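The chain below stands alone and is given in C-alpha cells; this is the form predicted alone.
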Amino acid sequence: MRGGTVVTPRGARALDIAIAAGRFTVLSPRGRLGAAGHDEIDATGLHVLPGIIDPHVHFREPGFEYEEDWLSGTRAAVMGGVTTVLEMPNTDPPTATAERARAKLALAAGRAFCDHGLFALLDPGHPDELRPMVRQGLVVGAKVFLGPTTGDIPTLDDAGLLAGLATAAGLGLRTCVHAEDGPTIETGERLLKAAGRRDLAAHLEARPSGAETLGIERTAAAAAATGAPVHVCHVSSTDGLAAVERARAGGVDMTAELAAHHAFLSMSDMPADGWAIGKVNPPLRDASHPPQLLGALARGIIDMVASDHAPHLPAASRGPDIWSVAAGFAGVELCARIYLTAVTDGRLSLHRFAQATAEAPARAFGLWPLKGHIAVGADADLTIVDLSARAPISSSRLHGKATATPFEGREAVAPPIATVIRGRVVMRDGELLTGPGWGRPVARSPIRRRVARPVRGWARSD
C-alpha cells in the first residue's frame, strides 16, 4: 500500500506498508518499498487508520435475527470501516454458558465478514459457567446489567456483582457494566406511568443521571474490593463521567466508552414526529452533556469509542407510547463517519480517534498486540478514509437489516474508502470484495489486574 498518510501510535506519517500472510511486515518511508509481490493499493491523498474495533454491538442472533444477524451485522460493520466487533450477550438465549457461546460462534462461522469476539453474561443462574467459557477461548470479556435492558436479562445485586467480578478478575477478564441503577429506574417508571406520561422525556426522567452515577459507584466499590478490571459502557452524562474519575482516583482499573449518540445528540435534537427513534438506554440527555463528553474523549479521560449498535425494526422503534417502544438503533456503520466529522471540524484529533477506536479497545480486552495498531507483526487490519469527502447520512444506504438512525440527514465524512482485514481487502469503494466467512474469532490474552485486598467470603479463581 503506497502513498497514504498512515496513523501509527507515534503519529501520522507518510509511510508505505508491506503486508504478507495477513500481517504487517514493513513500514517504510514513502517511496522506498520495492515492487509488490502481488496486490497493490494506491492510498494517495487518503488517511490510513488502524482497523477500527467496535467493542459494543448487538447482532441479535440467536433469538432476534429478524432485526439483525451475523451476516447482516458484520456486512454493515465492514461497510463502515470496522474490522473487529465485540458482541454483547443479550440474545435469546443469553450468552451465559459455554454451550451457548459455542453455538453463537457457530452461527458466525462462515457468515461473518469481519473478525469478532463475544462477551459472556454474568448470570446468577449459571454461576460456574464463566470459567469454561474463558478456558475454552470462547469469550473476550464479561457483561453485567445493573438495570433493565433489552431482553429478559437478570440484573445482579451487590452480592452477585462481587462474586461475578471476583471470578472474572481471577480469570484475567475485564467485565463490562451497563451501569444504571435498577431500583431507581423501576421507581421512576412506576410513578411516571401512574401519572399518565408516555412521551420521550418521560424515559429520560425515569433514567436520570443519578441512576448512572449510582451504577458506576456500585461497580467501583465491587471492583475495588475484588481487584477486578471493569469497563463502563456508554457513559451518557457528566455526572457519570465524574463518577468514573473518582473511581480511578481511588485505584480502580476502570475504562469507559462513549457512543456517538451521547457525544453528538441531545433531547433537543429529537423532532416532534418520529420522536421515538431517540429512545436509547441510557437516554439522550440535555444539550449541556454532549460537548463535555466529547471533550473528555478528546483528552483521553474517556478511553474509547463504541457504537452500541442496537437495531430494531421500524414497527418496534416508533409509536405513541414510549414505554412500549424498543430502545436503541443502528450505529456500527455510522460511528466512524460521525466521529471523523468531529476530527475534520477540529473537535477531536485524528491520532486520538485512532487510539480510541483501535488501541484502547484492543488493550482493554486482551487483543493487543495483534490488534489495535499498525506495527510490524500485528494483524494487517486497516480502515482507509478520505477526510475531504462528505455525504449526508441516509438510512436507505445502510447495509444492516434495521437501519433507522437519529442521525438521518446529517452531513458527515463520507463512508470509508476501504476496509482491510488480515491483509485482505474486504470492502473497497462501497463494494464487498470478499464473501462472508472471512471473519474469524479473535484471540485474547489475559488482562493484568492489580493486587487488591482479599474479600472475605468471595473465592478468587486463578
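Residues carry their position along the shown sequence, with the first being 1. Not measured: the values here are computed from a predicted model.
Below, we refer to the form predicted together with N-carbamoyl-L-aspartate, which is not included among the displayed structures.
Asker: Please determine whether Thr150 contacts N-carbamoyl-L-aspartate in the predicted bound form, using a 4.5 Å cut-off between heavy atoms.
Answerer: Thr150: contacts N-carbamoyl-L-aspartate in the predicted bound form.
Asker: Given that N-carbamoyl-L-aspartate is not shown alongside this chain, does His289 nevertheless sit within 4.5 Å of it in the predicted bound form, heavy atom to heavy atom?
Answerer: Result no; His289 lies far from N-carbamoyl-L-aspartate in the predicted bound form.
Asker: Tell me, yes or no, whether Pro229 is in contact with N-carbamoyl-L-aspartate in the predicted bound form, where a contact means a heavy atom of each within 4.5 Å.
Answerer: Result no; Pro229 lies far from N-carbamoyl-L-aspartate in the predicted bound form.
Asker: With heavy atoms only and a cut-off of 4.5 Å, decide whether Ala310 touches N-carbamoyl-L-aspartate in the predicted bound form.
Answerer: Yes, Ala310 lies within 4.5 Å of N-carbamoyl-L-aspartate in the predicted bound form.
Asker: Heavy atoms within 4.5 Å of N-carbamoyl-L-aspartate in the predicted bound form: which stretch in 240-248, 166-174, 302-310, 333-341 meets that?
Answerer: In short, 302-310.
Asker: Within 4.5 Å of N-carbamoyl-L-aspartate in the predicted bound form, heavy atoms considered, which of Asn281, Ser317, Thr213, Thr184?
Answerer: The residue in contact is Asn281.
Asker: What is the one choice in Thr155, Asn90, Thr97, Gln355 with a heavy atom within 4.5 Å of N-carbamoyl-L-aspartate in the predicted bound form?
Answerer: Here the answer is residue option Asn90.
Asker: Could you list the residues in 42-57 that come within 4.5 Å of N-carbamoyl-L-aspartate in the predicted bound form, counting only heavy atoms and keeping sequence order?
Answerer: Contacting residue: only His56.
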